[in-house]
Each structure stands twice: as structure tokens, then as C-alpha cells.
Ligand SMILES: Cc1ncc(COP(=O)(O)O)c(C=O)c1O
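Form predicted on its own, single chain, as C-alpha cells, below.
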Amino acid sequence: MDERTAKLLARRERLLGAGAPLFYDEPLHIVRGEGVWLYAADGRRYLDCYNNVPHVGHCHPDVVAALARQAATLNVHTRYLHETILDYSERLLATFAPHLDSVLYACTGSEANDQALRIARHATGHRGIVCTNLTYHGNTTAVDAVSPLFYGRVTPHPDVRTMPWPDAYRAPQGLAGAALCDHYLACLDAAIAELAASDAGFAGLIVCSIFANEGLPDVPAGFMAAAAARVRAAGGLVIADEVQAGFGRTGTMWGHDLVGFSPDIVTLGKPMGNGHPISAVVTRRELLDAFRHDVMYFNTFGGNPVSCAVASAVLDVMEREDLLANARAQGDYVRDGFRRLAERHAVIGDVRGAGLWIGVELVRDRATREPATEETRRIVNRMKERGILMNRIGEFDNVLKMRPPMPFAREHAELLLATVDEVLGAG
């Protein structure tokens, strides 16, 4: 680590706390972003295969211009009438199924998930929530209770029950197909029954539509549609967390449409404002109207004119640059490339994902599927040394995690694959 980086790190730890997380063994000092590239203080550029917040590209000029125009005209909270929030809301809701026809705004995905839980609990009159045992839904007190990812797959909250996430790669007892689907549905049934028998009662299920933090597993066919039906039969609501899956990341506008289920409540964040903080809860009008009748929800910054102008510009860019089609084409190309690399590199155990959400599970032995955790850490750091940024996820931190900005092109995909081939070949 050079002297400048060491001083910056020491200053950061003094001001922000020594536990403030950083990527990579030797942290990067980033000073500028443009498109799919990040630039470090030493002038070196890095291909960004990780950051899905700058959804349409770092510092997209159209998004920056929309922000500047609105900021130079008006920015105020939503207790005044203003058309921008309404224009954007109509555009946003038009991308959902007709029953999802109302929206509530906040600033972060954590806040959106917090309000989604409140709406579900208000509508059902119960408190109990089911989540998977390796998920993360945010950092407020409420959503921390449904985020066991950092707590050893358990939650200490008495109103929450966890169930195993649907995993076809390391399926329990060697199950597959309908039998595997039934196994996970039985786990869901047990969690629902336990809550229903408790003082909390059962309010609903919250899941990331594509189970991103769980390692982007291949979900057994029909599981989520059947799970949603069981939740509703038990009187609960289904919350789809689209903070990572949404806005076309998978090549489909919403992850729940890709996976094949219909939620009652959808939460949005991260890519919604291309780095500007805006988030939302989309739900049925009767649920939101009843909630607003009884609960005084107000967010000073949620849905302000600048945020909505920025979010609308993001939709403009997505449409004009046909970024959903690009996500499908480039994502398929990258996954096919990793499958070809698997013929030469036995460490590649599984390749999965959809669109520009790409997961590659690394193993020490394909037969036993022993996780290559330490090897994955080294590969992520070596890729960074060669100018490509990615990270890792999953139960064993052995899944290479790639979700680049949506303008990611064929030339970038080829550079990524060539560099991975190089790094894996170096041992």
C-alpha cells in the first residue's frame, strides 16, 4: 500500500470508524466515473463489473443534466403540489402489472423495505414475517430483523422466522425438480404455521425476487408462484424486494416477472436514481389508501422534484439506449463465455443468473462441490490488480458477483472473460 493510500485509510478510520467496510485487500482510491469505467487517484481506469447503482452508467450526461435543470428550478418536499412526481409515478407504474397501481416514495432501499413491512403488518393486523436465512433487506431496525445474512443465518427477532433459500446447486438430499420445490414449500409452510400459532401471527413473506444475496441460485420451477399462493392462503402478503433485481437488470424489467410470481408489494431502490438517493414502495391502491388513512407517513426528501426528475431521466436513457435488450445479449454472452472457460478451469462449478446479473460459483472439487472460498477472494483481488472490479457473494463467499452498469458492451464482456481466463490460468 502506498503512503498516500495508507494516510487516507488512517484518516477514514479515525473519522468513520475502523469497521467501516471497504472492498479488496488493498482499497481503491476512486476519484471519477464515466460509463462503465471508474478512475483511481493514480489515473488508472477500472472496468466496473460490480456496481449496479450507476444503472445507466456512471455520471450519464443526460441524468446529470436532468438533475442540474431541476435543481436550478425547484427542489422542495412533497407537501406542495408538483407535477414531476405525478408524471414519474405514471411512467413507473405503467411498467408493472395493473394491480400494482400506487406508489410511496422514500430515499433508500432500507426505508422502502421498512415501509413495506409496515404496510403488510397494517393490512393483516399481524406482525410475523418470513424471510430466507441468508438474505439482506437493509439496515433500519425493522429490516435488520429480516436480514440474517450477517448474523449466521439466524434472526433474534421474535416476530421473524427464516426458511432455507431455494438452491438447486446444493439441493438437500439430492432432490430435484418437483420434489425439490415441494421440500422448500414444506419449509415455508412450517415457518408460516409457527408464526400463526404465536402471538405475532402471520403478516407475510419478504424475498429478493432473484435471491441475489443468497448467491443468485437457480430457483426450482414454479416455486415462487406456489409460495405466493400459500402465503395468501394463510392470510399474508408477498413482498418482492426489487432493490437489486429491478429496472431491467435481469433483462426483464422486474425480477418477479422473470421468476414468475405476482407480489402484493414491491420495493425499489439502488438503480432507480443512478446514484441519486430515491426509492419507492409499489402496491395495490387499497393497501396504500388504508395505510395512509391510519398512518401519517411523510418523508422530507422522498419523491422530491430533483429525485423524480433524475429517476425519469433514468427511464429515458433505458428506453432510448434499449438497455434491457443489451442486458440480455451481453449477459448471455458473458455466461456462455464462463461456461467455455469451465472446460479449461475446473474451479468453475456453476454459472448462473439472468441479464447483467451474473454469478459464477467456484469450487475445489466439482464432484463434492467443496466451496473455493479463499480462492475466490484471491481471484477477486487479482482481477482488481488487472483493472477489473467484481466481488463475491453466497453462503460460502465463493460466488463471483458481477452486475455492471447496463451499457456494458461486447468489448467489455470480452475484456472481462479474457482477464478471468488469465487469472485462473495463473493459479
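All values derive from a computational prediction rather than experimental measurement. Residue numbers run from 1 along the displayed sequence.
As for the form predicted in complex with this ligand, it is not shown, yet the points below apply to it.
Proximity to this ligand in the predicted bound form, taken as a non-hydrogen atom within 4.5 angstroms, holds for one residue of N326, S312, Q244, T252, which is Q244. A heavy atom within 4.5 Å of this ligand in the predicted bound form is found for one listed residue only; from P166, G355, G236, G109, this is G109. This ligand in the predicted bound form is not approached by F202, whose heavy atoms all lie more than 4.5 angstroms from it. Residue contact check for G349: none of its heavy atoms lie within 4.5 Å of this ligand in the predicted bound form. Taking the partner from elsewhere, Y136 is found to have a heavy atom lying within 4.5 Å of this ligand in the predicted bound form.
The closest heavy atom approach of N274 to this ligand in the predicted bound form falls outside 4.5 Å. Residues within 4.5 angstroms of this ligand in the predicted bound form, judged by any non-hydrogen atom, belong to 136-144 and to none of the other stretches in 94-102, 330-338, 136-144, 184-192. With contact defined as any non-hydrogen atom lying within 4.5 angstroms of this ligand in the predicted bound form, K270 is the only contacting residue in 259-289.
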